[in-house]
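A single chain comes next, written as structure tokens; it is the form predicted alone.
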Amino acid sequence: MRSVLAGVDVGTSKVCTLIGETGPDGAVAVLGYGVVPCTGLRRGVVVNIEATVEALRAATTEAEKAAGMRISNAVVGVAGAHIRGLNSHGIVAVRGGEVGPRDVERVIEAARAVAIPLDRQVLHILPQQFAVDDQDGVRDPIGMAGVRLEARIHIVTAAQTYGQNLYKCCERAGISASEFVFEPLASADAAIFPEERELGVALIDIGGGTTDIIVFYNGAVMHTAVLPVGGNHLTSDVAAGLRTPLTEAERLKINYGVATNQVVGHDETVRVPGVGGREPREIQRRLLGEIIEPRMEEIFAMAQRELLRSGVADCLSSGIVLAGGTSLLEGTQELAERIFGMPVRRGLPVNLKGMPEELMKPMYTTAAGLLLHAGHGRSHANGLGRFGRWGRLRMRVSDWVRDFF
């Protein structure tokens, strides 16, 4: 029997719906997709329910037509500056002298017993490592002898009101949100390789309204953050600096924009449409770079501060992975390497087999990761899947959805 899956990336600038199925070997194959612009969100948060519902409905209808089937539920991505991440620590006594699944459950519960404001809900519990007595750095403690079990975890929380609004939008568009997943976690599933997670890597997803950051080391999530700046700020800067409409500023940014003038020739020119019936004019392309580069430097400087807060900034041997549409700007990798002082590459949805060629771009890594999560990543998205037998511990975000809504 075919197992139909769906992932929905509700972003500030677009909604992308992917429909797929799992094959006999467990691999996820893409059957259809739909991508439509979205004006209902600002900085990742719903500000216009009607516009968001319309975009969700249009993207889902487009994907259903391409796949030749209808969907009723989907894994939905969560983003926005309201997302918060924090590390926590728990200790319990081991019962019977040998660590069992129940002990692991108890120590996770102890670690998550932190004061969280009433207007927030836990989205993910992501274990980092365990310690049995004086032996730390343990991945899977089950079966080990000891009297004391410790756990370090990363907790991702979200604002309740955001969950309510997004859930309402999905329901009105005819989609049941089976789970909410933090979007950079999904992007990492699609774009980052297991060996990179082990050696240390940071994924920086520069979207339309926000920049999402997730840091891995020793295979675990060490830090998450959301910055309230993104590609739309670049567009606004270009519109103001060149005195041109936002639509034209977006076109200029995509077609001619550069993150640094180091990659621009001195004789390159760009035609800029006028405002209010004024004649178009020719400008040096380097002027675009002079407008965009300071904002890109600001975004990377803010990201650099988050990497320092992670405590593992000096351990990121695999460097930086850039995702999101803004990462396609010419010169972005060069600028990032100069600021971070480490290797930088663009992240593509390479871990989802059968991805259409037109979607093999950084801005579709989140949707690809959500579809992968729908296929075989429920426990992994909560950081529990890679710990062997106790990976079935059901601390899923769907529990949050049921409890809250």
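Remember, it's a predicted structure, so these values are computed and weren't measured experimentally. From 1 onward, residues are counted along the sequence shown.
Below, we refer to the form predicted in complex with a small molecule, which is not included among the displayed structures.
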{"query": "Of G85, P141, G77, G208, the one that lies within 4.5 Å of the small molecule in the predicted bound form (heavy atoms)", "finding": "G208"}
{"query": "Sole residue of E150, E196, E306, E250 within 4.5 Å of the small molecule in the predicted bound form, by heavy atom", "finding": "E250"}
{"query": "Touches the small molecule in the predicted bound form: M363 (any heavy atom, 4.5 Å)", "finding": "yes"}
{"query": "Contact of P349 with the small molecule in the predicted bound form (heavy atom, 4.5 Å)", "finding": "no"}
{"query": "is_contact(N232, the small molecule) in the predicted bound form, heavy atom dist at most 4.5 Å", "finding": "yes"}
{"query": "Proximity of L123 to the small molecule in the predicted bound form, heavy atoms at 4.5 Å", "finding": "no"}
{"query": "Check all three, D9, G44 and I254, heavy atom within 4.5 Å of the small molecule in the predicted bound form", "finding": "yes"}
{"query": "Heavy atom contact within 4.5 Å of the small molecule in the predicted bound form, the stretch among 318 to 326, 271 to 279, 142 to 150, 171 to 179", "finding": "318 to 326"}
